[in-house]
Every structure is written in C-alpha cells, then in structure tokens.
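Here we start with a single chain on its own, the form predicted on its own, put down as structure tokens.
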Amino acid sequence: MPIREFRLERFMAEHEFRTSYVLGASDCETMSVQELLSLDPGSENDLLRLRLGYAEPAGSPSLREAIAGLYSGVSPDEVITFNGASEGIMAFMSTALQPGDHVIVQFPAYQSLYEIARSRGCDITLWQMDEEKGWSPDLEVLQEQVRPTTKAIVVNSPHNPTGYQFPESDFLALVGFAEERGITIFSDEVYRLLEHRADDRIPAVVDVPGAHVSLGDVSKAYGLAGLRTGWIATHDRDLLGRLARYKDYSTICNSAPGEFFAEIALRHQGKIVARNLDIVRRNVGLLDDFFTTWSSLFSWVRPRGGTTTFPRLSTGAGASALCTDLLGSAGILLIPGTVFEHDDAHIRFGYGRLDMPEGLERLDGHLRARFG
C-alpha cells in the first residue's frame, strides 16, 4: 500500500547513531545481556540451551502469561505478541479498519498512529492537545468530532512527545463515551509504568469494560528496544483472530531470543522500572532547573509521565534551525516539532537516559555561547 515517509524514523535513522548526545530520545536507559541475566539466577544456562527454531506465532505461552500478569483481567490467550509495538500498530490498523472508516487520533502523535490508517483510505481527524491547558485534549471537542462512521479513537498516555498523562476521571469519561457509541479505543501504553507519581497511573484500557485494545512493549519503560518485543491485549476474540492471520503474512513469529529476554524483563519489571523511574525523576529535576534558567528561550509544560517533553522555543530562529545547529556544532540531537508534523516552534527533549545530565550541560554551554 502507498504510504508517506515516516518523518521521525527517517530523521532518527539519519542522525541517532552518528551524534554524541541523543538528547531527544524517547526510551529509557538500556542494559546489557549480562545485566539482564543477572536478575534471574540460572537464566544464563537456560539461554545456552535455547533452541533457535520458530517461536509460537502468538508468542510463547510463558511470555503471554507474563504479559497478561501486567493487567488485572486479561488471560494469556487474550494476548498476541509482535515484533515491537510498531508491528502491533500496523496489524491493528490493517485488520480493524476499512477504507471509509473515520478515526480520531490524539495529536501530536507518533506518525504510524494515524498514517497507516490514512494509507488504508480511512478519514483521519486529529484531536488537538491544548498546550495552554497543560497539553490536555478537550473532551467536548472530541464529542463534536465523532461521526456515524467513527470506528476508533487512538490515544497515547503517558504521551509522546508532550509527557501529558490523562487524569483518571477524564480517561474513564473518554472510555465511557466511546463504549456508548460502539467505538474502539486503541490505547498506546508503551510508556505505562513511567508515571512520575504512582498516584497518577490510570487503568490500562483493556482493564476497563469493553472490547478495547492495549498496546505495550519492552522498548520504553524497560529500555529494551533491541529485543523488538511488543504485544496487543484485548478481550475482542474476533480481532485477536484477525491479528493472528495478519501476522502470518508479516513476521510469522517473534525472535526466540527476543522473547526469552523479554520474559526475564517482565518477571523482574519491578527492579527494572524502579531503576528507570529513578533516572527519569532525577533528569526531570535537572530539566526544571534548565528551563528556569532558559525561561527567556523556552516555555515548558512539566511532564507528568513518560520520558519526553515538548517545550516551545520563543526565539524567532525556529526549532529546525536550532536543532540543525546543535547537531553540527555541539553533537546534540534534539527533535524539532516539524518531524512530528506539528510546527517549527516545539522541540522534543528526552530524559530517560543516564547521559542526559552531560548532554544537558553541553547544551547549556552552547546556548550561552550563542544567546548569552
């Protein structure tokens, strides 16, 4: 199917592995194989005995059991694994939607959350988030956007790139609104567990009544993007069947070593996520100081969850020009809002990695040299 270039992924492919400080990254600090295996005594021997044939198409039973354990009312046979969340998005959009369907997408957004549906002939409405209201999307506006042909509402919370987190009351109102109208909510929850305050965590949409869809993976909260292990959890058995048949044509099954490592990570999610939350919370504190110092250059809505934030640049130079300058002169990668098809005033910062303080210090020095 014809599909437009994925601007963020092309941008990252060109620059991410060729710069000193990836200050716009969206994942958490990763770990080595040795570090991961050390969490699970005996797993090194299990790895050496691992057979490298095909894995089960839906994911190994033990991995799906571990994933189901992340939710309050999901059974292992209501989970299907994919090669990262990206394949899960592709599979959902390709099986749950038809040409002519109307889809509402919280925006700004990861491009595949709307572009794949658009390429299939769906009519897309962008549900704009309001920066003046802490990046909150307006539920009353959403009600006006719904049509008789609306098939799905796509949300992401904690949100990339803004760091917005739905209050539970708003989220449950959204789900209730969709349920009354027979609309499926596709909830991108890859940053779930990274709420900066535990009290801000909302239910996974699959744990709310209805046949809604939760998307997860081990790339963001766990920092294990190289495992390429994601999943969809839903009570919609018909959808699960269609997803399985789609996967027969895409990747057939996941990598057996990837699933092995992902299962270890899920068994020890408490330690891994707690370590990454410590990094996130420390780095957000540094960003507090940074954006206070540079309040004449940036306006900032403090994020409530996830690993990214989307400050507005007040200088007339434009975000793209500043990011290009930073790449060339300081070896710092930040993501201009244009890459999100948003505007040229915002920049995505990422704060999930251990080297962010060093990168932020270099950025501060560069800004001082340029702006005084």
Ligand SMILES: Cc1ncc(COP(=O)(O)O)c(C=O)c1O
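From 1 onward, residues are counted along the sequence shown. Because the structure is a prediction, the values reported are computed rather than measured.
Keep in mind that the form predicted together with the named molecule is missing from the display, and what follows is about it.
Using a 4.5 angstroms heavy atom cutoff to the named molecule in the predicted bound form, none of Gly163, Phe310 and Glu341 count as contacting. By the criterion of a heavy atom within 4.5 Å, Gly84 is counted among the residues contacting the named molecule in the predicted bound form. Contact check for Gln106: no non-hydrogen atom falls within 4.5 Å of the named molecule in the predicted bound form. The named molecule is not drawn, but in the predicted bound form it has no heavy atom within 4.5 Å of Ala265. The named molecule is not shown here, and in the predicted bound form it never comes within 4.5 Å of any heavy atom of Lys247.
With the named molecule omitted here, the record of contacts in the predicted bound form names 86-94 of 237-245, 70-78, 86-94, 146-154, defined by a heavy atom within 4.5 Å. In terms of contact with the named molecule in the predicted bound form, the residue from Thr184, Asn283, Asn276, Ser219 that brings a heavy atom within 4.5 Å is Ser219. Put simply, of Tyr114, Phe290, Tyr191, Phe261 only one has a heavy atom within 4.5 Å of the named molecule in the predicted bound form, and it is Tyr191.
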